[in-house]
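In structure tokens, the next block holds one chain alone, the form predicted on its own.
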Amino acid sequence: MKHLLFALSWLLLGDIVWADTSPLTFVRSNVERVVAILENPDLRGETHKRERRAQLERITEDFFDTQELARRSLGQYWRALSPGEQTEFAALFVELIKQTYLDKLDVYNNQGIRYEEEIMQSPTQAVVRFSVATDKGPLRVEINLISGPTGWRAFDITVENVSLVRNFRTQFQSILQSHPPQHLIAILKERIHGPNR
């Protein structure tokens, strides 16, 4: 269920720029767009999986501030990458997240969503909190957003106190403690594209 919530939360932003809205309004509006895709009877089932996936990918590509997400996930090791490597890592990382979470959305089943609060941490950073109803009680979700030239974008999602950024940072640091960052990039390439790519 946490994988589903990470995936659903990640898909909240769409390809429409909502620069003048509050973070909470922004999240709420885009949740509705994502749920509309998941509940569309013309997109359900294995037959329509590719089309459904393509529509969700078009939305998710604009969800994160990919550079901010990648930078926070690598922590101190981010500075060890050249600008070109940083761009490459950010692109690979987003592809990894897509592969990890997008298919989990297929188990979505009209769970109720309750929006709880918006916290403005600064003029350019905010947190939006909401909960999703489940058979075992509500799951708490927190989205960290940053405002830039194209409006609000996410740089972390936390489900029941498990942070997406912290989770990946732990995995990455276990590799980077004994290997250069370029080795991590090679691992991501192989995981996403297969060997010898």
Partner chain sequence: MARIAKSIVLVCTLMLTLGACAAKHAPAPSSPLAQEDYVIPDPLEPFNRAMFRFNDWFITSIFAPVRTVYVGAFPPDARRGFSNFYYNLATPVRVANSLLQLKVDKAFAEIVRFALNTVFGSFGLANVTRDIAWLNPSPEDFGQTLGQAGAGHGVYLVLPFLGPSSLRDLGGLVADSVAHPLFWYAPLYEAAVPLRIHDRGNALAQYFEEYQRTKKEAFDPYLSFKDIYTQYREGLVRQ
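Bear in mind the structure is a predicted one, so any value in this text is a computation, not a measurement. Numbering follows the first chain given and starts at 1.
The form predicted in complex with the partner chain is left out here; the points below concern that form.
Relative to the partner chain in the predicted bound form, residues Ser22, Arg58 and Ala91 are all farther than 4.5 Å at every heavy atom.
Comparing 24-32, 50-58, 136-144, 37-45 against the partner chain in the predicted bound form, the single stretch with non-hydrogen atoms within 4.5 angstroms of it is 136-144. Although the partner is absent here, Gln171 is a contact residue: one of its heavy atoms lies within 4.5 angstroms of the partner chain in the predicted bound form. Put simply, Arg72 is close to the partner chain in the predicted bound form: some heavy atom of it is within 4.5 Å. The partner chain is not drawn, but in the predicted bound form it has no heavy atom within 4.5 Å of Gln86. Contact check for Leu96: a non-hydrogen atom falls within 4.5 Å of the partner chain in the predicted bound form.
Residues of 158-182 that come within 4.5 Å of the partner chain in the predicted bound form, judged by any heavy atom, are Glu160, Asn161, Val162, Ser163, Arg166, Asn167, Phe168, Arg169, Thr170, Gln171, Phe172, Ser174, Ile175 in sequence order.
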